[in-house]
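Take a look at this single chain, the form predicted on its own, given in structure tokens.
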Amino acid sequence: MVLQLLIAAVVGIGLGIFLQKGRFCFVHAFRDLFAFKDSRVTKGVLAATTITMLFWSIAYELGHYQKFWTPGWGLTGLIGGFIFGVGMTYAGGCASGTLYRAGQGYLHFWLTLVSMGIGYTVFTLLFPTLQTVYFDPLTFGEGLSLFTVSPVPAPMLALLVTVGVVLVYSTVVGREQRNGTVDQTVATDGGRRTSATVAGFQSLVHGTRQYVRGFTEIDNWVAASKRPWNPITAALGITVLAALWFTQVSIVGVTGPEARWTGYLLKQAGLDSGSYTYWGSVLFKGEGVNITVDMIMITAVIIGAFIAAYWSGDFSIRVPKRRRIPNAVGGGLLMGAGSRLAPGCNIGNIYSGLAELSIHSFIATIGIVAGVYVMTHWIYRDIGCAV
């Protein structure tokens, strides 16, 4: 137990540092892509998920893992994911982005966390009814990971998926080059245009070389550590920590532990939260409403983000503008409720769920991205979006 608490502290603080330094937020990843065609953070999310999948597949094949998180699949993932996607876009921060910005001193995101807690509580009160009218009729099958049912060894399956991701990514980038949206010098070969996939792959290799070369050009590492980091650097750091967490505890999740924190804090306030089915039987599995190791981990994320922000001079107490309070409250409520209705948030589904090839998370990811897309277009309805 002591070792797990130590790992929780190390992983949580490390995640907080990488999230804050890389400004690694899924709202930025998708909203900025849809609104401005800015894919900087999107590439980081793609890299983190894909590389994590490779590491986890090897750990699973060798038996060095604790467990997968695989809820039953159905329309619950699509509906709940959509509500969560709308909520995180309206709030301005995803589940992980809310944590690191809270550590950075944004009171807006502390208010979002409180509102998410209210969302978890409302869901818990309605859970017995939702079980009958929502989860049972809209859940079509048992949850599973493709790693556990595929005849192909997990690392080989992960490698095949990675090759597919690289081909799709290269094709998309290559087509953008043909449209003249980026530098076309790498898209030509002796005056002849190469295929979109080849051109995109050349661009990927070129960008990777530039990224690696960037480290050799750093002459002041202390100053560099205080500047914002490339999202790819954050992605690599998150991957290493997620691999450690996967082998010792579980997959990385945020809103599940947050919902447990809500039940635990209400218990400290005098409420018999363990008597409620969702807290007592589902989240705490009948073992009593007590602090769990993943609750420690997500708390350490805030501490890690604070350390990184303080070191960089980014920390300050920031009071939200009055016009932004509805975003924090409304977005938080939708995130709390949506993450339970799915179930799972952006970290549980888009990051961890896709990395473990969960059927449920493929569906929930579609719902989350659709929610971000719709909400982004509503927010930018006056000026329009690029996608």
Partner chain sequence: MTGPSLDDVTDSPDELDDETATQLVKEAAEVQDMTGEVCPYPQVEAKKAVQQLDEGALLVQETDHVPSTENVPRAVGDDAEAKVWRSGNGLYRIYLWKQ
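Positions refer to the first chain, counted from 1. Computed from a predicted model, the values in this text were never measured in an experiment.
Same protein, other form: the form predicted together with its partner chain, not shown, and the subject of what follows.
Would residue 173 count as a contact of its partner chain in the predicted complex, using a 4.5 angstroms cut-off between non-hydrogen atoms? Yes, residue 173 lies within 4.5 Å of its partner chain in the predicted complex.
Contact flag, residue 136 vs its partner chain in the predicted complex, heavy atom cut 4.5 Å: Outside the cut-off, so no.
I'd like to know whether residue 131 contacts its partner chain in the predicted complex, with contact meaning heavy atoms within 4.5 angstroms. It does not: once its partner chain is placed as it appears in the predicted complex, residue 131 has no heavy atom within 4.5 Å of it.
In the predicted complex, residue 210 touching its partner chain (heavy atom, 4.5 Å): Looking in the predicted complex, residue contacts with its partner chain include residue 210, since a heavy atom lies within 4.5 Å.
Using a 4.5 Å heavy atom cut-off, which residue among 232, 289, 154, 266 comes into contact with its partner chain in the predicted complex? Contact check passes for 232.
Quick one: from 315, 110, 123, 73, grab the residue that has a heavy atom within 4.5 Å of its partner chain in the predicted complex. Selected option: 315.
In the predicted complex, which of 102-110, 239-247, 271-279, 293-301 comes within 4.5 Å of its partner chain (heavy atoms)? Result for this chain: 102-110.
Non-hydrogen atoms within 4.5 angstroms of its partner chain in the predicted complex: do 52, 64 and 255 all have one? No, none of 52, 64 and 255 comes within 4.5 Å of its partner chain in the predicted complex.
For the stretch 262-280, return the residues whose heavy atoms include at least one within 4.5 Å of its partner chain in the predicted complex, in the order they occur. Read in sequence order, no residue approaches its partner chain (within 4.5 Å, in the predicted complex).
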